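Listed next as structure tokens: two forms of one protein chain, kept apart as structure 1 and structure 2.
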Structure 1
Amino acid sequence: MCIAGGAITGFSPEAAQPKSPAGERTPQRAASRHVAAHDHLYYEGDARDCLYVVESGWVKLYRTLIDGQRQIVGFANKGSILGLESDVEHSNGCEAVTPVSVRCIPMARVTEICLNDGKLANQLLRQVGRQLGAAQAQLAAVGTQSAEQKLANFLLTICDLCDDANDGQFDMPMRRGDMAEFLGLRLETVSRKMSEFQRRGWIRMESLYHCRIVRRDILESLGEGGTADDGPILRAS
């Protein structure tokens, strides 16, 4: 789902001189940074002078194509490392979906890690590997699945990723448009399908950003491409 889990440990706060990467919000001393919801952590094309480890909150990573279309290539929360896909410039933009705090790791320190701390380097390599796998999985989903399948799988993934409240209820902090850009759909389509899922009783939206999965079984079969056997449409229009 391109929603890479898998925390990485070992980047202790020590070391990592602030280094103040060009502008805005110089970190205190422990190279940590907070950004408000809908603010950018960095833009496409910005110099990549450090990697970030998400400590709390959700961010979205996206690309803008030449014609202005956008694709969200991943959401990330606690434990994810940001910036590994880039070389000297960030090839993704990164925007906070919720309030977010991240730890900065100057690139100099990263190469230093590779040179000296093999254990950590190996761990880092596995993290990128996981991200690559996640990206490929999402590619497969976007390339082959129907709107219904995409949405069903998306809801299930987000649900499973929110370790809090695990009885099928969860916060889904992204907007409809974000989901659409992630799934390769239009926001109207997402909205329609969400409504449909709810009408049929598969899910229940307690609020716009809080969802409860009622019929996980059906969503799962739907996500796998099975037909949902056209369960009853509650209060059919």
Structure 2
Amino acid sequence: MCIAGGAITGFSPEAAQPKSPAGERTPQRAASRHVAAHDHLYYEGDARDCLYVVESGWVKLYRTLIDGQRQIVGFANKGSILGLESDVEHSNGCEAVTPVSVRCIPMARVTEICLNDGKLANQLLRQVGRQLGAAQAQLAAVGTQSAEQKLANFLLTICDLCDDANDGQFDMPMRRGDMAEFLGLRLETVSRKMSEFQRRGWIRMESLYHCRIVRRDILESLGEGGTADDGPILRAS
């Protein structure tokens, strides 16, 4: 799935500070931005003048189709790099799902920063590879996985990326409509399958957005190609 997170750990604000003619860092901090939930970090077609390192929060990436509808193509959270998907202009729009903080790296300085910081350059390269692999996995899943398999993989991925995940418990950052749009399913299908997972005792929804994965082993088996009929129905405790 094209869900990115937790990749960039060594980036410091000083890394993106311009140097003076003497080769020293200027005292200004690298630019940071705070984006409120449901506001945009950038739109499709905006000039790609920065890369963004997500410091906190969740965003969704989307594209507008020929018929005017929007298609969510990915989610990203803390540690993700945004703005790698295009050249001159952003080919995706980026909307905050929750309040978001990002650190900006001017495109004009990316090469210099990478030359001076091999560790960061390596992490950027690994992030590109991860995002490419995730996009390819998502393409494969669209036509081959069932609704249950898509949802199982989605829940496991979000759980693993949530900083506050504890004993399989986490707050879903996105609405079910966003989940459905990303997974290529109807909203009714997502809601029905979530209810089925809960009825079977595989997950527990303690509120509309707070989820606990009770049987990770079953969801993993399902995500790897099993069927919902293969898993037992458990009593809710």
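One-based numbering along structure 1's sequence throughout. If you superpose the two forms and keep the largest set of C-alpha atoms that fall within 1.5 Å, you have the rigid core. All of these numbers come straight from a predicted model, not from anything done at the bench.
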### Query
Of structures 1 and 2, which one represents the form predicted alone?
2
### Query
After a core superposition, would you say V97 shifts its C-alpha by at least 2 Å between structure 1 and structure 2?
no
### Message
For a quick test of reading the superposition: does L84 move by 2 Å or more at the CA between structure 1 and structure 2, rigid core aligned?
### Response
no
### Task
Superpose the two forms on their rigid core, then report whether the C-alpha of A121 is displaced by 2 angstroms or more between structure 1 and structure 2.
yes
### Message
So with the rigid core superposed, the C-alpha of E112 shifts by how many Å between structure 1 and structure 2?
### Response
3.2
